[in-house]
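One chain is shown next in structure tokens, namely the form predicted alone.
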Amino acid sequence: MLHLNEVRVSIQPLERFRKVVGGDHVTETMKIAQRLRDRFTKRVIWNINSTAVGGGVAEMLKPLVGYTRGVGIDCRWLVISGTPDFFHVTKRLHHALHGRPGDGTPLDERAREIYETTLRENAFELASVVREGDVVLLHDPQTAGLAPALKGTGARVVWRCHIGVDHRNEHAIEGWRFLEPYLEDVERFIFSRQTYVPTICDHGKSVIITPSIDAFSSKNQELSEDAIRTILVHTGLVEGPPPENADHGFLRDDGSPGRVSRRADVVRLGRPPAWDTPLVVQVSRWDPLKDMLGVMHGFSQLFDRDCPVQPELVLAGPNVTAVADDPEGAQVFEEVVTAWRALPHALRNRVHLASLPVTDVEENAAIVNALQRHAAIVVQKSLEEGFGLTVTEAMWKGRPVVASAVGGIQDQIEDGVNGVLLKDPTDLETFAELLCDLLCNPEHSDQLGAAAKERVRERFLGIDHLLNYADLLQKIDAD
């Protein structure tokens, strides 16, 4: 029997945003929150997805639920469970909506049977807690099939799709055809970009809400240079010793002190990079669409170009056994390791493959925070991307970013103004050229980083995300 799991989230105060967006903006947001709280007395807003660890959806849900609870609205987060066969089908759907074939397995009646059987068990348990008048936000293909059963409880059902493709092809059409029967009774749809909205959802019920980051989370909070260096030395991502004022610490979401205690599992040839070695860093899941292999091969071309600056590369992702809804992780990681072993000795010495511990999610986030803040360049060379929160995170930290001009990354970076876009993600020669240009022009890199942080402050922080949700909820309640 499958079971739902509730993710416990600490209450967070909206007041903390005053120091990053100003008092007037927070005051107006609090007034809107008060009106919404009055309308939702004795009702619950449910968020349902497929994992509490790894990926942008889980990253966003934690703070958004926390801030919503902080203004007195009963908001909760449930995670469905599923079999390996179920997550194989949903990963195939994930690729399809990105316009990719994945492993090519058919989205046929057998796949539908697996999908529906798993969700039927989850829906049975959901029906015991969801009440008439509640609002349920379902996230991504894994949960879309719950919509008909939830509609039967009298709840108001919203489906949010965090992925998509700008130009639909046969694979995307196949994915939407699979999902279409479950979406007929959904009251509203949320997408990250207008181009992601398929015909079946494009009839006045879709809204565009861009994702966001939490500026105060353990992944994005300010860290001192001593803390950054201590964390990276301790985890084995840079060479020691730690600074005299060693500091493993960060603030947890509940305000209590945290400490990075675990170490990364790193595949490398020799020693960790020295502290003063410039690092090119990509942090992402071990997912074929994140193209870790392409990043490694593109980085290798830096040395064919005889770039004057000699950086090292860190490819970092979660421990591959820790993300329940991503069955491809272990396979992709092994492919990257195999390709790394085939590199010339001198290149292998400059490439580090890091599996980051995820037993403690906030500890993992603090490690990512330190690594991104230390990076000379953060890259996100995805082949497809729903939005790309790792780009937002790096921009908030004032880092120069080189990223593919795909999906929502295009909504974040204005090429040459607050980052650099790689127009063709498969063009490894140009990728290497862009890296070399930034490494050799630190003043320009600093300018890009400063502009990037301001861009995030203006458009991609959680407070504006919450205002968009509030507007949607008021419209649903008025229908």
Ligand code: UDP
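As the structure is a prediction and not an experimental result, all values here were calculated from the model. Counting begins at 1, following the sequence as shown.
Not on display, but discussed next: the form predicted in complex with ligand UDP.
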If the cut-off is 4.5 angstroms on heavy atoms, which of these, P425, P63, G419, G56, is the one near ligand UDP in the predicted bound form? G56
Assert contact residue (ligand UDP, in the predicted bound form, non-hydrogen atom within 4.5 Å, options R229, R399, H95, K290) equals K290
The stretch from 179-187, 233-241, 120-128, 310-318 that lies within 4.5 Å of ligand UDP in the predicted bound form, judged by heavy atoms, is 310-318
Indicate whether T390 is a 4.5 Å heavy atom neighbour of ligand UDP in the predicted bound form. yes
Touches ligand UDP in the predicted bound form: K381 (any heavy atom, 4.5 Å): no
Distance check, R285 to ligand UDP in the predicted bound form, heavy atom within 4.5 Å: yes
Any non-hydrogen atom of L356 within 4.5 angstroms of ligand UDP in the predicted bound form: yes
Please tell me whether the candidate spot formed by S50, H139 and D253 is one where all three residues come within 4.5 Å of ligand UDP in the predicted bound form (heavy atoms). no
With ligand UDP taken in the predicted bound form, which residues across 182-221 come within 4.5 angstroms through any non-hydrogen atom? K219
